[in-house]
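One chain comes next, on its own, written as structure tokens: the form predicted alone.
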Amino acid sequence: MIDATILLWGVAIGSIYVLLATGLNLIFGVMKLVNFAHGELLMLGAYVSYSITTGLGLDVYLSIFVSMGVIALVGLGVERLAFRRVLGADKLNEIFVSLGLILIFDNVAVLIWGEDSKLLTSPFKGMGLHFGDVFLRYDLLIAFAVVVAILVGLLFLINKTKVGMAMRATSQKSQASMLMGINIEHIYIFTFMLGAVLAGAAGTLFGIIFPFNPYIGALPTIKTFAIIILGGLGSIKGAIVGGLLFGIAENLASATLGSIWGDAVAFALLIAVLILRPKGLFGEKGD
């Protein structure tokens, strides 16, 4: 019988993947941009919260809002100064820009914060709820609730607001959208900043649950691309379902087979799904 704690941990971890994957999927869906440095924004989000909580004594959960704002500005700079120059060009150019950004962000983080691992201190550290033999940390519950709240707000933005409709139109037919009066350059900026906001929030939640260092961005980025492919390119629903499945599969494998098997089994799930559905779980539909 599967331990309920393992499943709950998988859902909590998967929800963080969901935030990161949803942001990257938005950027890819609207801008058709491949950004392998997206995980570095998660890393920076964790460090921004660390600086705020240790320097100013702000509650770690309130620091999420600061992290989201700061990483949004970082995203604005990255889009304007780096990706804007290669957008629409060969995808190889985007990949090399991404790799350059990874090196820049990692080394800047080392210079500012050092290489030692850090952990965000939660006011609920060691506290949780007992359900028989199941112990559920408050931090996992709060992380899941924060992700749900952010996703609800995101879906409202995309489906019920003018800017959301403009994003959807741009993702489908950018040239036609421009002819209809949509400023697609502004939509690109907004979309990239929105993806960065989600990465910043994911970074703080990640830092509350796991130790982090300047080099943590690479593996979450790889997993995020796997989740996007698993769920279907451009599908927010796919990013949500794919992230949760990935987190659960990874945690189940780590708990039952050993930690070294977590990533292997999660990526095996990706391969199995793609054999059955090459376009991903929701690849044939848009949101």
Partner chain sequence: MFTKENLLKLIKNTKGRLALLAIAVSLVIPLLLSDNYMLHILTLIVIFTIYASSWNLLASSGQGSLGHAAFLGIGGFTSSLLAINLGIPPIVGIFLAATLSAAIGFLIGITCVRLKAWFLAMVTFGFSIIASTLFSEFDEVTHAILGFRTPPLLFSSRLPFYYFAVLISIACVAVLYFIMKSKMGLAFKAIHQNEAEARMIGLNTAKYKLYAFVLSTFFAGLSGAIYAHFQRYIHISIFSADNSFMPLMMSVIGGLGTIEGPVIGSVIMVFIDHFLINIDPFLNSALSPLFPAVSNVGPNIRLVGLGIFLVIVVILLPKGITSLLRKLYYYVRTEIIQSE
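Not measured: the values here are computed from a predicted model. Numbering follows the first chain given and starts at 1. For the two forms, the rigid core is made up of the largest set of C-alpha atoms that agree within 1.5 Å on superposition.
Same protein, other form: the form predicted in complex with its partner chain, not shown, and the subject of what follows.
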Handout entry: Close approach of H186 to its partner chain in the model of the complex, 4.5 Å, heavy atom
Key = no
Exercise for the section: Using a 4.5 Å heavy atom cut-off, state whether F36 contacts its partner chain in the model of the complex. Expected result: yes
Practice task
Decide whether V241 counts as a contact residue for its partner chain in the model of the complex under a heavy atom distance cut-off of 4.5 Å.
Solution key: no
Practice task
Determine whether any heavy atom of V11 comes within 4.5 Å of a heavy atom of its partner chain in the model of the complex, and answer yes or no.
Solution key: no
Exercise for the section: Decide if the three candidate residues L56, Y138 and G153 all line its partner chain in the model of the complex, where lining means a heavy atom within 4.5 Å. Expected result: no
Problem - The unique member of L99, A145, M165, L129 whose heavy atoms fall within 4.5 Å of its partner chain in the model of the complex - result: L99
Practice task
State the residue from L157, I104, A149, L73 whose non-hydrogen atoms include one within 4.5 Å of its partner chain in the model of the complex.
Solution key: I104
Problem - Residues from 191-230 in contact with its partner chain (non-hydrogen atom within 4.5 Å) in the model of the complex - result: Y215, I222, F225, A226, I229
Problem - Rigid core superposition, Y61 Cα moves 2 angstroms or more between the shown form and the other one - result: no
Problem - Large Cα move at A218 between the shown form and the other one, threshold 2 Å, rigid core - result: no
Problem - Core-aligned C-alpha movement of S51 between the shown form and the other one, 2 Å or more - result: no
